[in-house]
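Here's a solo chain for you in structure tokens, the form predicted alone.
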Amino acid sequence: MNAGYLVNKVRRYLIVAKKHGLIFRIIVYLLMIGIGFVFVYPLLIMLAESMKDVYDIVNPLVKWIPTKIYFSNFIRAWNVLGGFDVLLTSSFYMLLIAACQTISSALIGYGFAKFSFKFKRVLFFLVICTFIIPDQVTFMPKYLMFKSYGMLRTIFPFLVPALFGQDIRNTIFILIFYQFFKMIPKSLDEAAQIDGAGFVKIFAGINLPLAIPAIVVVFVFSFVWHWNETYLADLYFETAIRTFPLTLQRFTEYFAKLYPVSESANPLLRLNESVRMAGTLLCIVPLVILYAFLERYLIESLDKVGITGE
């Protein structure tokens, strides 16, 4: 065995064999760790800051690990956010809107994918236009319309558009279902028709179960986008409905009402960055729990649907 043979063997092992080469694996792992750290870093900062008391915040020697774990920040942030009442209200409303948006998107996508009718292309183009036109252009007419109908300060400005396929980013969801239903062979529908199945049974009994990946993706994305929506929710809900993100947006105002302090009060009782960080962490906990439950289904669904989200 000469030296040239050994050099070539090592070279193949380290570089040429991309799937099993050591250098290739090291590069891949370094890239994955680097990219993952970019996403995890803000969460680590929030977690570290939320456990500090006011003395650790102003101490330049305390960066990541506080001198003692200060859980009172989470208790006060939880009370300011509204506790279980606001959490249940936020979750129920967003789940209801996401469910309605998923159902309407599935129906509209199924109609465009499976049926031929007059002005189909024109209507499909108009659906695309609702995504191209920014919300700021259509906000004022919609706001005046909801005001004339007496829907402000209720959930209906979000629920009604979700039922009719006009809600936030509804076009993306319609396109997802459209593409998914187009991939389902027509022979399945034709076989069901021969067996006497109607359109409703073909949709609900055959096509919809096959579209589970699309349903999971649309439902999760709809819930997350509505949960994080504060601009429209602030204008439509005003002060009648409180959600976690809306309360977080007015955190200073609610904190001052719940925990009034004087200038001579203990510094630990005043609002600081640690309490705000604790409130932010509590606000994203429901999304993390949802992702933890649906992570496996969501990754499989994204792989089948062929999108990566926004």
Partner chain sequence: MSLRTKEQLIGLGFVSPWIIGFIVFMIYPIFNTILYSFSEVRFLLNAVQTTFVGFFNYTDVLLKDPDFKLALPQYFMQLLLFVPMVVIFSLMLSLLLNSKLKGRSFFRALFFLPVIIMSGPVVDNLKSMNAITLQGLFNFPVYKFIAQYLPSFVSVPILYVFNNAVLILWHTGVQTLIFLSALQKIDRSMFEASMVDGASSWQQFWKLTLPVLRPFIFLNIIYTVMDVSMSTLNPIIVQIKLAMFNIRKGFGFAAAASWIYFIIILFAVMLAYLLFGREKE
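Note that the coordinates shown come from a computational prediction; the quantities given were computed from them, not determined experimentally. Residue numbers count along the first chain shown, from 1.
Absent from the display: the form predicted in complex with the partner chain. The rest refers to it.
Review point. Hey, with the partner chain in the predicted complex, do Trp78, Arg121 and Ala191 all fall inside the 4.5 Å heavy atom range?
Key: Not one of the three qualifies.
Point to revise | Contact label in the predicted complex: Phe219 to the partner chain, heavy atom within 4.5 Å | key: Outside the cut-off, so no.
Check your understanding: Is Ile241 a contact residue for the partner chain in the predicted complex, using a 4.5 Å heavy atom cut-off?
Key -> It does not: once the partner chain is placed as it appears in the predicted complex, Ile241 has no heavy atom within 4.5 Å of it.
Check your understanding: Is there a heavy atom of Thr130 no more than 4.5 Å from a heavy atom of the partner chain in the predicted complex?
Key -> Contact check for Thr130: yes, within 4.5 Å of the partner chain in the predicted complex.
Review point. Can Val54 be called a contact residue for the partner chain in the predicted complex at 4.5 Å between heavy atoms?
Key: No - in the predicted complex, heavy atoms of Val54 and the partner chain never come within 4.5 Å of each other.
Review point. Among Phe146, Phe237, Tyr93, Phe74, which has any heavy atom within 4.5 Å of the partner chain in the predicted complex?
Key: Of the listed residues, the single hit is Phe146.
Check your understanding: Looking at Ile65, Ala256, Val58, Leu43, which is the one with a non-hydrogen atom within 4.5 Å of the partner chain in the predicted complex?
Key -> Of the candidates Ile65, Ala256, Val58, Leu43, Leu43 is the one lying within 4.5 Å of the partner chain in the predicted complex.
**Study point:** in the predicted complex: members of 31 to 47 within 4.5 Å of the partner chain, any heavy atom
**Key:** Contacts from 31 to 47: Leu31, Met32, Ile33, Ile35, Gly36, Val38, Phe39, Val40, Tyr41, Pro42, Leu43, Ile45, Met46.
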